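In the block that follows, a single chain appears as structure tokens, in the form predicted alone.
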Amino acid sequence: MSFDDQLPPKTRLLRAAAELLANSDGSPVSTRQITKLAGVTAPTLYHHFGDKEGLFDAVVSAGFEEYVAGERDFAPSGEPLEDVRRMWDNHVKFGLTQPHLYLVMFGNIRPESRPSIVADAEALLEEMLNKAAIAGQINVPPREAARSILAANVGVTLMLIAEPLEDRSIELSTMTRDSMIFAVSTDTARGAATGDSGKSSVVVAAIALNAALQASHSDQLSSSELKLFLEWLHRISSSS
């Protein structure tokens, strides 16, 4: 199957490469596979991108430009944490509307090899969290908060992409988003949440902190200390 012949050859090559990379499961993708799916010849690929690697770089670059445009597609509200919520929702929307491209950008993870696209996405989120820090709304450094929130954001998006459309629940995204932002927020920023009963507030905080610690790979505690701490948090968060 090839893409719509009415699309420009360059666009078809970008889409074909993104789809093949996303579905490759780490296996090499050949020039022949790309040109066949795009419905063009190899010289067309070389004309637009130089070589196959140039095409792959263009896929990620174009994807990130689209991602950034989506992340900033709102007027700042003046409330940094509310804007972080919007950025989270835009991230999930991008992944669900462009699943092949998203998997190329965020899904091709290899051991001990951190994609530059992840660092770039963290930096984008950190910009907004810096504003929250200046406003006294977060209780951890912006970089740590960005890393924790993005880790959860990517994880939720990948899970939703993998689910059949009829079983997909955006509530999972909303619940995780609010838990992660709660985990990095100061008591003042949490506002009404602190007005709940003491026990329910502790349970909510334990759930959020548990998620944040597991997502951020904190180096503030040794592995044994962290394991014990997470066990305590699990007991609290599991209490009725």
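This is a predicted model, so every value here is computed, not measured. The first residue of the sequence shown is number 1, and the count goes up from there. Under this definition, the rigid core comprises the largest set of C-alpha atoms superposing within 1.5 Å between the forms.
There is another form of this protein, the form predicted together with the DNA, and it is not shown here; the text below is about that form.
Though the DNA is absent from this view, in the predicted bound form it lies within 4.5 Å of a heavy atom of just one residue from Thr174, Thr41, Ser61, Thr186, which is Thr41.
Within 4.5 Å of some heavy atom of the DNA in the predicted bound form lies at least one heavy atom of Asp51. The closest heavy atom approach of Val29 to the DNA in the predicted bound form falls within 4.5 Å.
Using a 4.5 angstroms limit between non-hydrogen atoms, His47 touches the DNA in the predicted bound form. After superposing the rigid core, the C-alpha of Thr174 moves by less than 2 Å between the shown form and the other one. Taking 2 Å as the criterion, Glu65 does not count as shifted between the shown form and the other one: its C-alpha moves by less than this amount when the rigid core is aligned.
Note: Arg12-Val154 Cα separation is 3 Å or more longer in the predicted bound form than here.
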